[in-house]
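Given as structure tokens, the chain that follows is alone and in the form predicted alone.
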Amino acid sequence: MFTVYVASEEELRAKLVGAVKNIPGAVLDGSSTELRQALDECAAENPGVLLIDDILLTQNVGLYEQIARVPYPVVVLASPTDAGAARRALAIKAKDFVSLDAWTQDLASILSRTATPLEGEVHRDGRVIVVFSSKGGVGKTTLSVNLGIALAKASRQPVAIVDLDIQFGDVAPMVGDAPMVTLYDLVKGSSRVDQDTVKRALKRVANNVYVLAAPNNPEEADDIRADHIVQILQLLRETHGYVIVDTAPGYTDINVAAFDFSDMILTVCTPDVVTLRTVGQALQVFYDGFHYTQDKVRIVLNRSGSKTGVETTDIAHVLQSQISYQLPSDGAYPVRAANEGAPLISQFPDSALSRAIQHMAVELVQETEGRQRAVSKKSSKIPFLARLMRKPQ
């Protein structure tokens, strides 16, 4: 996996950004129409590769020396008929170039070959995190959606959110989406699911965040099987740093398949006696029935600090488990965001709950990828630009 920063004139920038987002393993690190701004932003956190439109080079001769000293590889998008493009590429010590007349075919392979991969990133497969509660109405879907967005921001890796509440899922409405393709469309009439089919079913809802929506009609849930879920989650973890799975209450075959496959189960509870009783029963099933470790099953206390008469210390004692994460009450903000069809963390990023979820995401990323994950700064030789130096026919 690698990051890409795009510096291009406005006319081409949107197309390049869209193309980068569709390259397997590539993560867009940013884009700009100003070369100086691009260099300033790249200096803050070195990208895996900087893609520069040659037109910007012709307009910024004074920046050549600065570009030549950057610690990350540079690729130039240039016209093969422009002899001056070769000199400019050599002057900035570009590692490779993409021909302007064939960039749609060549961009993915050249960037993948040239870019410096992320160091300290997640292991070969991404991390699958199930969000579950044995009781409804505890904020499970709110956590799933907003944690997915926060993880994408904190890790700079693609994140998939899967709605496994296959009869009454709310993930799509919560991000303001009316999905044309759902989990049902992905599996209907098929015993096997392939990577291309899964990719087409995903809907981008934020930068590096993709949703696989629940079926539109409850009766369609009957066609979804546990083995489908295992196949889908395996394919998603191969192409995403994190896979967040929002589940329905209960121990259906679908849920159990997701539980078994996951790396972590975030069990959401609230500080009230009824919820604590059902969550306590769920934990007993996880530990005694399924024999999961306490490290795999983590308790998330939502609406922490609410004046319900049940203290946090009492909750840990009743559940006989440590509370891993505490999320505060946030007044009307979560409801307002849901009513507006926008994730809380995007609509009200400075609210108490948004900040708590962002902090939670940072902790999970640090745990998974290490506290010092950074882009490699290994030096490389000046590139061989023979293809660009060829005279036009």
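The model shown is predicted, which means the values in this text are computed figures rather than measured ones. Residue indices: 1-based, along the sequence shown.
Not on display, but discussed next: the form predicted in complex with a small molecule.
Among residues of the shown chain, residue 215 is not one whose heavy atoms approach the small molecule to within 4.5 Å in the model of the complex.
Although the partner is absent here, residue 349 is not a contact residue: none of its heavy atoms lies within 4.5 angstroms of the small molecule in the model of the complex. In the model of the complex, residue 48 stays away from the small molecule, with no heavy atom inside 4.5 Å.
With a 4.5 Å cutoff on heavy atoms, residue 139 counts as touching the small molecule in the model of the complex.
Remark: of stretches 35-43, 52-60, 331-339, 22-30, the one touching the small molecule in the model of the complex is 331-339 (heavy atom within 4.5 Å). Only one of 267, 208, 302, 114 lies close to the small molecule in the model of the complex, with a heavy atom inside 4.5 Å, and it is 302. This chain is drawn without the small molecule; in the model of the complex, the residue among 164, 151, 174, 160 with a heavy atom within 4.5 Å of it is 174.
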